[in-house]
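In structure tokens, one chain follows: the form predicted on its own.
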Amino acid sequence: MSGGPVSLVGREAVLDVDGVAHGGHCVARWDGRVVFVRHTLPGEQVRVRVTEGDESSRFLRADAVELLSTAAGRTQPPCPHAGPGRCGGCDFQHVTPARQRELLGAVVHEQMQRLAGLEVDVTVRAVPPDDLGWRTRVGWTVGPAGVGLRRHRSHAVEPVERCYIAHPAVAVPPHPPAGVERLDAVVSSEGDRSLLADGRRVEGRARLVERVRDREFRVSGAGFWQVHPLAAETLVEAVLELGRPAPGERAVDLYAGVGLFSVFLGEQVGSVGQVVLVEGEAAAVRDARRNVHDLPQVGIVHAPVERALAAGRAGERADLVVLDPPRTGARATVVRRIAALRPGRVVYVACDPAALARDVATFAGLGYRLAELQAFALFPMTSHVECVALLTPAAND
């Protein structure tokens, strides 16, 4: 009686590494299978150890456990917790910042080519700090051996004394409350701090103040805000540059959160213009009301984006649509409803290049083309990259 496919976990092989893949891996091939390998670089020869997969698997996952030849851009990981079987928070501790940005650009290019059929030249811009000490929001996990971070693709906890990419003000909590499984530490650009245990505030402020340009934003401790200290300002500048909101225009801000983009869109369209802020999360809407209180031209729709658009609550037309969806993207239904508003410009803020590429392909089928794409390394040492895309009606060409 067969016991099923034979596991390949633990098997080792010497492989030549090809290109970089979405998700922090590089690609190699072994006996006709694709192998996604961590802790390596394109052009290297490495000994790998399989971490996931069996004889029936279409692809395998593996760690590079021995370097037989190295490629340009490799460096000594600054964090002692980086490496095979260790912390899964960073993908590129072994890569110089400049080479990291090249790899991220290659990933965005490949996703656009494969999923949207577009050849896009991508230069990923550095945003300081571009290496360590930048992350202002950290979710710590409490395990049997202490507080730490989860290992790659595992629920196991890697105890750490320090997270090297974390801002010093969100250091490892030394004495977690009894029975707590998760601790979220936050520090704002104004120095406000908050510590939540399993979602409940145990220290610091319930609402923090963030500053972008000359504006203050109120953000709940558990609410969403960009984790890089310069991310919010960087993205606002990109949205305004690409979107070009003008006095008197009508803008729609989807997945608007606490109103980061709506505030500056409201300032640009002025008192004779209009901004419709659409957000489904109740706490974010409460913060947004406070953040746009002095801008009567900004109206708030508290509803999930798809439902708000389906009900016509964003209106029948827009000059400009800005959207910053979750990692899964906007998806086809929302994209179709955005196109139905007939905006002259769509500015799409994306934290996942694959989701962005799929939505760009949907927009293309509705008569919109990718006019410009900017990319930013807002998550140094990781495989995440933030993109801001401008889509315009193809008929305008």
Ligand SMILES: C[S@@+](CC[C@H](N)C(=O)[O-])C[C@H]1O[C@@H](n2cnc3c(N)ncnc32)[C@H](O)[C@@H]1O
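One rule holds for the numbers: they count along the sequence shown, beginning at 1. Computed from a predicted structure; not experimentally measured.
What follows is about the form predicted together with this ligand, which we do not show.
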> Has each of Phe224, Gly280 and Pro326 got a heavy atom lying within 4.5 angstroms of this ligand in the predicted complex?
Replying inline: yes
> With the partner removed from view, which of 70-78, 84-92, 122-130, 299-307 is the stretch that lies within 4.5 Å of this ligand in the predicted complex, judged by heavy atom distances?
Replying inline: 299-307
>> Please tell me which of Ala314, Leu260, Leu208, Ala251 lies within 4.5 Å of this ligand in the predicted complex, judged by heavy atoms.
In response: Leu260
> Do Trp134 and this ligand share at least one heavy atom pair within 4.5 Å in the predicted complex?
Replying inline: no
> Is there a heavy atom of Ala256 lying 4.5 Å or less from a heavy atom of this ligand in the predicted complex?
Replying inline: yes
